[in-house]
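So this first bit is one chain, no partners, the form predicted alone, shown in structure tokens.
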Amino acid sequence: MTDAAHKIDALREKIRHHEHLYYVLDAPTISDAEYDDLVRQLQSLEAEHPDLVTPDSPTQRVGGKPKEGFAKVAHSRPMLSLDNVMSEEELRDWDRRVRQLAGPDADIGYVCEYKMDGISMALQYRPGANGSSHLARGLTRGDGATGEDVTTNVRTIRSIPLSVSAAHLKKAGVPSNFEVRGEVVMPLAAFRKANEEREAQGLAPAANPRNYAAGTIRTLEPNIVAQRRLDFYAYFLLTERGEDLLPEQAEALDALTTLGFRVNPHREAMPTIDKVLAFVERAGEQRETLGYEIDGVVVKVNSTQVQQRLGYTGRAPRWAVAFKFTARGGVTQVEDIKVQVGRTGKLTPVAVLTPVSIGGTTVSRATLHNADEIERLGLKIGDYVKVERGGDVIPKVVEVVVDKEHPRGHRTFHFPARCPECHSEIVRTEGEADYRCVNIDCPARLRESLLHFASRGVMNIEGLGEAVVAELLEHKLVRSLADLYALTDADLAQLQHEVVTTDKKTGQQKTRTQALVGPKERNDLLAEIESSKSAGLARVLFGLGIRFVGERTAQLLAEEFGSMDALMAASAEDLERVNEVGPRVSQAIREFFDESRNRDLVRKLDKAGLVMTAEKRKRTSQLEGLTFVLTGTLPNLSRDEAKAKIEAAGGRVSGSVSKKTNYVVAGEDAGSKLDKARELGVKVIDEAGLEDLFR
């Protein structure tokens, strides 16, 4: 090993040691300035010797963004949710069921852990150099069977080891192929700081740490993930095939600690349900003193052998349960009701409250959801109400309090006739509870509209991320989606951000302002904006953010009408002739294009040079007007292939059987849809019968 390699290896070990002390144990022994200096030394040496850079180096936590979004990957074993109990009686009932199912010979003991309010994550580790193990993949829970590969983002979380040494693997008794499951959480201090920054930028504060963490982990900008200081707490240790590695859950938690993972210190093995209940009570008392949100206690059978004997229901393990805390609440007066406009244009009434302390947090606002909820509550301005922080999300008004101490209010609230932000007319679709502003350039909607418009799969404008969009809006350089296409290099050069540096000698921090986007990045961004003009009609439609019009519906509309002008002129009846476009979708499209500001936006985009046409689908009409339902497994065609063939021939595929269904195409293991077809007298055919219809 060369002298440089020795120095680099020693620096990495030193930095990993201090990262573990700081991010896992919360016990730093050096200052931030000293830590930064170690990282700079390593960066300098690696720059001189690029051949010595390894994927698990502390300098490699933040990489490039995923090129095509997040790939879907199957879990080694399903990531299931937990059943909930809310009371001592329910927990004792669960304990009795566990003992009955396990049998009289089973040694039942429990492990209690705080139920952290975060995002479930699976980390897969594979063999590395010198007997070590390295982080190979990080997966979200997804639908439980399949998750999204967010490895690039989880690498930025400092409490997740990029590698585990051979010595630690040996000490823990763990092979180099293993999987760790746990929870990604946002500490309350980081959440408060993030909301302060959002409010300073004129953005609405995030609702709660869990939702903000979920949005963060799925962003395509790893740098943003790194800035938001997420944490990871481990609670399961598995083989690469998803099997339990150790005979007890308590042993697994200790082994995870030995491997260098952050494990919640508030955990305890309990021999009886009485001891478990005492732990739950202590957790409720400590809840407000923690630096992160918990919403209950998870109780697991300690023995993995007994766990296997107990097995699973359709959606949850029988050997674990979550004791959920009850919502925290208080009584206060409604001083006023304001209306907020959300990203999709939804108008949400918000109660302005006399400040009240709930669970250690001062609450001065609470959501009222919609007009129907206000009517259900019978709420008037001036009423006294009970407010809850259920699950630690945005507080909500639960009920009006009426007694001698709390007199009724007298002012009735009415929704405004126009949007409070842009003064466009608002709409309320028949059968729906929400009022909406349909002006896509409404200032309250614009930020999220820009991010959606620029995202991969829509207009694909690389480099137009959250920071750039925030600055464009701050400098009022963009007031509409169409303004993106008028941006110049001089405009982008105005964008700035603050950079904090630390003086090596004094340790003092200094803040300076520098360009947010350098000359090369400005040139690249302008080229991306120019390139997006050729994305095509389907992408533009998807980018406009019309309610209910996702990627597939946008494609179907583009293929049916061939041009934006034809689509804008289409009646609701014309729209409903398109496969998968029903009355709600057609009404949403008409509402969008009936708004004059939206038509103006389309004209501006057209003038800017965006492609507003598409090749119309050439289709045969053998199955025109016929409705099909697919059920079971066909011998040669997948469900998607059969659906595509039917639609290409002019037919329509429905998900449910009714009297209007013309054919049910049944394969192997057909279920209740086949029974329904026979009951209604609907004609049933197999794959061969379907192929005959195409001839």
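Everything numeric in this text was worked out from a predicted model, so none of it was measured. Start at 1 with the first residue shown and count on from there.
Heads up, the form predicted in complex with a small molecule isn't pictured, but that's what we're talking about next.
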In contact with the small molecule in the predicted complex (heavy atoms, 4.5 Å), from 146 to 154, 115 to 123, 457 to 465, 88 to 96, is stretch 115 to 123
Contact with the small molecule in the predicted complex, heavy atom within 4.5 Å, among Asp441, Asp383, Glu183, Glu179 goes to Glu183
The small molecule in the predicted complex has a heavy atom of only one listed residue within 4.5 Å, and of Val339, Ala588, Leu80, Leu556 that residue is Leu80
message: Given that the small molecule is not shown alongside this chain, does Arg445 nevertheless sit within 4.5 Å of it in the predicted complex, heavy atom to heavy atom?
response: no
Using the partner position in the predicted complex, report whether Arg539 sits within 4.5 Å of the small molecule, counting heavy atoms only.
no
* Asked: Might Arg522 be said to contact the small molecule in the predicted complex, defining contact as any heavy atom within 4.5 Å?
  -> no
- Does the small molecule come within 4.5 Å of any heavy atom of Gly330 in the predicted complex? no
